[in-house]
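Below sits a lone chain in structure tokens, taken as the form predicted alone.
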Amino acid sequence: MLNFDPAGLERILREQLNRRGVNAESIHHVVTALLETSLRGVDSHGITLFPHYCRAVDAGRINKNPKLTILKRHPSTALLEADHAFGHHAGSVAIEVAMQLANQTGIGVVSVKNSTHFGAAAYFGLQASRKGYIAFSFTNADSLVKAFGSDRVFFGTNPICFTVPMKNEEPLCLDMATSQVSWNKVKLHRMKKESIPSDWGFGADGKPTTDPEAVKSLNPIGQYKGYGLGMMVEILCSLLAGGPFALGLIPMFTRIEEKRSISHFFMVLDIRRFRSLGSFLNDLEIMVQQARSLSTLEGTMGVMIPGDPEKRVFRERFLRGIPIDEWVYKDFLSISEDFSKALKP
């Protein structure tokens, strides 16, 4: 296992996007999002995606210099045209607009159309919660999750992210797919040639499989519950924005020259419209302390709250670097040999 030095890697990531003519704001959000996500241990949505993003830019799928436009704006809502920008850029603009709206009315809801893959939903919610807001972040995705009761896919992994500010630490952060795992996680096991748990995915016959190469669809969490949550996210994202939905979305890793028109949904709540921020944070701290102090089952790491595992990994990786598999490292080198300079000694 190799390790990238975060500072050295950041410089080269920026250089590679700059050489491709990507605008400065997109570069900032793409690089910041990927590094933060990998440092938090969410490898499926972190730096491993960078070579794919470069190919998508080169193929013309991602707009290097988009014109992001607010098509509709009302006291609490807005519709953002992303112009096929990097999703990290479009989502960051949207969450900022949502905070502005929440400042005015207590709630801000922004729908985004014609975007691209935005990485980890947590990146956007954390931006808002670090400033004292409760935030929700959703996106639709290409059809990879088996519909409950069928042997066919319909909805995507359609993640749900919920973030809340905390008193003396990084925000509480629940960021989960509505499938048992993300497709990128299955892809990682394919590359490593490792078997997967039998509850991750299904083969072409709609039956569970432990062979990552045979996976054709993913398992929704909680069976019909995950299927229902996936539909909820799809409605809030694609139907509100007027974008393509479910089977109408272009796959992420194929037909890379075609634009995907991904849709996102963001909602921000101003806690101060309900009570003082200080008293809210004090009560949340008490709740969290009580949960974390519950008796621990043998063989477990104890009771945690959403985001605790990522906080632990962040502290470790910030010092030791971001681990990278050999096959992923080769993918980086196929983009540029300069990435060899970012390895920790």
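Worth saying up front: this structure is predicted, and the values here are computed from it rather than measured. Note that residue numbering follows the sequence shown and begins at 1. The term rigid core refers to the maximal set of C-alpha atoms that superpose within 1.5 Å between the two forms.
Keep in mind that the form predicted together with another copy of the chain is not shown, yet the notes after this line are about it.
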Q) Can all three of 176, 206 and 304 be found with a heavy atom no more than 4.5 Å from another copy of the chain in the predicted complex? A) yes
Q. Since exactly one of 252, 109, 93, 186 fits, which has a heavy atom within 4.5 Å of another copy of the chain in the predicted complex?
A. 109
Q. How about residue 69: is it within 4.5 Å of another copy of the chain in the predicted complex, going by heavy atoms?
A. no
Q.
Given that another copy of the chain is not shown alongside this chain, does residue 65 nevertheless sit within 4.5 Å of it in the predicted complex, heavy atom to heavy atom?
A. no
Q.
Residue-level question: is residue 193 within 4.5 Å of another copy of the chain in the predicted complex, judged on heavy atoms?
A. no
Q. Residue 146 near another copy of the chain in the predicted complex, any heavy atom under 4.5 Å?
A. yes
Q) Which single stretch, out of 255-263, 224-232, 122-130, 85-93, brings residue heavy atoms within 4.5 Å of another copy of the chain in the predicted complex? A) 224-232
Q | Stretch 273-287: residues contacting another copy of the chain in the predicted complex, 4.5 Å heavy atom cut-off | A | 273, 274, 275, 280, 283, 284, 286, 287
Q. Does superposing the core leave residue 197 with a CA shift of 2 Å or more between this form and the one not shown?
A. yes
